[in-house]
Ligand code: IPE
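Below you will find one chain, with nothing else, as C-alpha cells; this is the form predicted alone, and questions on how it binds or moves follow later.
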Amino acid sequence: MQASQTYPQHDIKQIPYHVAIIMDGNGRWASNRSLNRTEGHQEGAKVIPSIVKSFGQHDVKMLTLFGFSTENWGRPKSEVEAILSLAKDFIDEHLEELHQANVKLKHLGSLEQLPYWLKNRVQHAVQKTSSNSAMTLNLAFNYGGRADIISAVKQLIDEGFATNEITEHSISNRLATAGLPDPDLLIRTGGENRLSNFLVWEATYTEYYFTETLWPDFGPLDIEKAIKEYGRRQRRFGLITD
C-alpha cells in the first residue's frame, strides 16, 4: 500500500483492510497422515469458506487467496487436474453461499490456460457477485507476480507510452490488481518464509506473517493471532515516524 492510499471508514493500524494468504502446506499435511497430495488439497479447500467467514467477522474487507500459480503447471499432471477440479467444485458448492453473504468474487490471473469448464464458472461467479459489497474475495488462480508485471509493461508499450511517461501509477493500473488496495497483511501458512512470486509488486510495504500451521489446520485462532500481531506492528511505508 502506498502511503497516499486511504481506506474508507477503516483504521488499518489495528485491523487490516486487505489480507492476502499463501495457502501452503496441503501436501505436507497429507504426507503427515500417509495420504496422497490430492487428499491434502481437498482438505485445504474445505477450510476456505470458514476462513472467509472468520476474516469477515474481524471486519477485514478484502481477502486474496493464492490458489494456483503460473509455476504450478509444472507439477504432476494428476495433481494439476485435481486442483483444477477442486476449483470447479468450490465454485459449484459455495458460490450461492458467498453471494448470499454479499461477498464479491474477483479473479486475479490469466483465464487463457484454464479449461473452458473452469473458465466459464469463474466468469459466471465474478459476474453474479459483481454488485456485492460486504467483502471482496480475490482468487489468485493461474497467477504469477512477475508475469503480471511483464503483461503490464507490454500493455504500456502497445499503448505507445514513452519511457519518461512510465510511472508506478501507470504500471499499477495495468496489473491484475488494478483498482484494489495493496495488501496490508500477507499470511503464509506451512512454515516457509518466502513470497513465491505472489503480489511481488503490491506487497512492497505489506506486513508479513509466517506461521508453521499447515493450511488445512489454519483456523479462527490462527487468524486472531495474525491480526493481533499485525496490530502491534508500526507501519512506516519508507518514512520515519516518532
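Owing to the predicted nature of the structure, the values given are computational and were not obtained by experimental measurement. Residue numbers here begin at 1 and follow the sequence given.
Not pictured, yet referred to below: the form predicted together with this ligand.
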{"property": "4.5 Å heavy atom contact, Pro183 to this ligand in the predicted bound form", "result": "no"}
{"property": "Ser85 within 4.5 Å of this ligand in the predicted bound form, heavy atoms", "result": "no"}
{"property": "Phe210, heavy atom within 4.5 angstroms of this ligand in the predicted bound form", "result": "no"}
{"property": "Exercise: Ala20 in contact with this ligand in the predicted bound form, heavy atom 4.5 Å", "result": "no"}
{"property": "Segment that reaches this ligand in the predicted bound form - one of 47-55, 64-72, 173-181, 201-209, heavy atoms within 4.5 Å", "result": "64-72"}
{"property": "Residues of stretch 194-211 in contact with this ligand in the predicted bound form (4.5 Å, non-hydrogen atom)", "result": "Arg194, Ser196"}
